[in-house]
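First comes one chain, alone, set out as structure tokens in the form predicted alone.
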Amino acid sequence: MKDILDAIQSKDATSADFAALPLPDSYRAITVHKDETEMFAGLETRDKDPRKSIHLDEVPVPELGPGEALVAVMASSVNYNSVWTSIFEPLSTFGFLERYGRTNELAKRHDLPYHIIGSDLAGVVLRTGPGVNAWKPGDEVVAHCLSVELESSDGHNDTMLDPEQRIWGFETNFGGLAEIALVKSNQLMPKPAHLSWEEAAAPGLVNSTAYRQLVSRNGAGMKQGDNVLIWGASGGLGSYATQFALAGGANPICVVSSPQKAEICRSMGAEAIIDRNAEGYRFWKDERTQDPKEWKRFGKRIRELTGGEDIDIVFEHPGRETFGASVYVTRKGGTITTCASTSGYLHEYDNRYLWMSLKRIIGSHFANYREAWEANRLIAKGKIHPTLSKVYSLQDTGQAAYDVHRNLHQGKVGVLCLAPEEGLGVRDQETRAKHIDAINRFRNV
């Protein structure tokens, strides 16, 4: 691994030099183990501790197949799907790996007694398989997490509809929280030159998800002037949704849970902010009963912030805890886009407010290659910025996942893989200097 790292840090290494580097037999990777899937049985979700289930193992380098690439991972980040994997909720991910392994001979590589997790990376291409022409060894890249086979016609209008669509590092093996990762070549995108490795790794999954959910015509199709309600507006997903709303001429109404998080939203340029804890919103009377009076109080507060207007688009991801309120406060003909359900998957809402007011609920899941490319292009142009708040070493990934699980973080939490320290990998200092305050925004709180 030392020779690979030396080549990456060299200013003179060529593609031929990278192609000539011998691959190691093994590498360090963050894993969960199949024989531990019941370790948290009987515990409440909150009490399940990723630090106990996440391991740093030495694993063999996987076989490289057609249309694939092996990437030396300089940095990665923690997403909520890594938390789900680590606490084995709502299902053990080994079921995903087993089913994938049954699809073809090459996919059998993924069905292992350990799962290498992680759905983000920034790094350098080491090898490409047969049929790969767009990328070569030595290319500096980031990866999006959509893995598709595209053998069905269903996926050729929107690749997210491919029947064999999976999320890399969650529903496949050989993910990005490791020193080497295996990806399909159509996951690769150029690394933004003005960012460090850890900064470039942070936006990936959440930035692309927010783009599709809010901006794309496959999601809400946000337009100028829209009032956009953003739950968790300073978090991993919400911080990008807030930026897209501001950059697109919309009006974000940012819902947060503390004065510190409210200040982060203000620093991004948002003006309409609701601290739900300070204002005491309790949308559920008990586990089974919601409180419509609280929906109405919430809607009144929103109208105070918008000059009497209701919400055009709700950016939903908490799920059960907030969904009833989201449906209620959306204007007639408005849209609720939903991805994930971090507070519970069984959503409840009063359907009268949906059907009689002609509202729409749109399910949104990650992004297709084009949407991910556009989202990454906006990062590269300095229109949207990383929301990296803290960076951990690879061996401390369990603590990083714990922080995300317990909502102890702001924005995104990064992980150094091969990179020996933070701040490396910047190629365009001039562009960086223009945006340095925005790049560091989440670091300064």
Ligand SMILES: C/C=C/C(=O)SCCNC(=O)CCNC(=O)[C@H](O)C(C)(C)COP(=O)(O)OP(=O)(O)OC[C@H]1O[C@@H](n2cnc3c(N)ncnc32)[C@H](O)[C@@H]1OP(=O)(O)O
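All residue numbers are counted from 1 along the displayed sequence. None of these values were measured; they are calculated from a predicted model.
There is also a form predicted together with this ligand; it is not shown, and the following applies to it.
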Task: Answer range among 364-372, 103-111, 295-303, 133-141 for contact with this ligand, defined in the predicted bound form as heavy atoms within 4.5 Å - done: 364-372
TODO: Indicate whether this ligand has at least one heavy atom within 4.5 Å of a heavy atom of Ile311 in the predicted bound form.
DONE: no
Open item on the list: Would you classify Leu205 as touching this ligand in the predicted bound form, given a 4.5 Å non-hydrogen atom cut-off?
Closed with: yes
Open item on the list: Quick check on Gly249: any heavy atom within 4.5 Å of this ligand in the predicted bound form?
Closed with: no
- [ ] Give a yes or no for Arg331: in the predicted bound form, does one of its heavy atoms lie within 4.5 Å of a heavy atom belonging to this ligand?
- [x] no
Task: Answer option from Pro90, Gly225, Gly269, Pro259, heavy atom within 4.5 Å of this ligand in the predicted bound form - done: Pro90
Task: Contact residue in the predicted bound form, from Thr172, Gln290, Thr335, Asn81 (heavy atom within 4.5 Å of this ligand) - done: Asn81
- [ ] Taking this ligand as it sits in the predicted bound form, which residues of 97-115 have a non-hydrogen atom within 4.5 Å of it? Please list them.
- [x] Arg99
